[in-house]
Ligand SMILES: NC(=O)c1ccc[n+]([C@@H]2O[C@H](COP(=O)([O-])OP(=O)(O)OC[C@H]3O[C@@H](n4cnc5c(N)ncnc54)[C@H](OP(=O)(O)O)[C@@H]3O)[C@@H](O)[C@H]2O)c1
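Take a look at this single chain, the form predicted alone, given in structure tokens.
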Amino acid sequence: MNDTRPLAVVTGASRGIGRELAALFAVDGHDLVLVARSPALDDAAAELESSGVSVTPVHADLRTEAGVRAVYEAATAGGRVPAAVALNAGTGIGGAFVDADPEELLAVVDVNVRSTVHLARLFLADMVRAGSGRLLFTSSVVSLMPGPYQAVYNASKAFVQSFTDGIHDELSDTDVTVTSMLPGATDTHFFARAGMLDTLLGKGPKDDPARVAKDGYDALLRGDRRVVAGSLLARSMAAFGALAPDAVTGAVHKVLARPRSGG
């Protein structure tokens, strides 16, 4: 890597929103540390490296402390402090909570909550010491509402949203910025991996991940507290989640996320 270029770290970077965020950082001349479990990460890294920046792919399982440490060590090799970090990796599981595999439920907590807290603590401490840095968390519009048939995922994103808001305020008198991005339903592999293709959410309209990433990236550069990323539908869902009573938003979410094939 070239120490004269800024460094950006993107988790969940093999495809979807993370892949698009990485491309935006590359266009702006950042070296990249890209993180994912998927073999597709190598293809993404090779494509982005062709743009003239250095790319380090890190195949890490963020469900584990070892995976988190591998990311941090790769990003800080040689004493570098990333100029920007996008904690975008996330996973979910749909269906009835009582029917779900407990290990799969806990994996959602480990990736979406535990690894997010751990990586944020490591990178933000370095940024504060260096006197600059930007951190982007991928939250979700569902962080603003209860999640029947997607209960652990919604709760994990509610944690991320509250966590981001708290850190943003703690660091408001520093030159380190913290931004949350709240996408709506986006055209990624999320719904297939979560087993939600037979739900109204899974079958409904979805935003282009490139548009979502651009909204989040621009908000990161501005140092905004948060941005609802994507279409008017996403912004409408966020407004609904913020303003309507939980009993109402939960009832709507129950209809949207209920499996059509039985559950």
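Model, not experiment: these values are computed from the prediction. One-based numbering along the sequence shown.
Separately, the form predicted in complex with the named molecule exists; it is not shown, and the next lines address it.
Among residues of the shown chain, Thr56 is not one whose heavy atoms approach the named molecule to within 4.5 Å in the predicted complex. At a distance threshold of 4.5 angstroms between non-hydrogen atoms, Thr249 is out of contact with the named molecule in the predicted complex.
Among heavy atoms of Arg15, some come within 4.5 Å of the named molecule in the predicted complex.
For Gly184, a non-hydrogen atom is located within 4.5 Å of the named molecule in the predicted complex, even though that partner is not displayed. Comment: 187-195 is the region of 98-106, 187-195, 122-130, 169-177 lying near the named molecule in the predicted complex, near meaning a non-hydrogen atom within 4.5 Å. For the stretch 130-146, the set of residues having any non-hydrogen atom within 4.5 angstroms of the named molecule in the predicted complex comprises Thr138, Ser139, Ser140, in sequence order.
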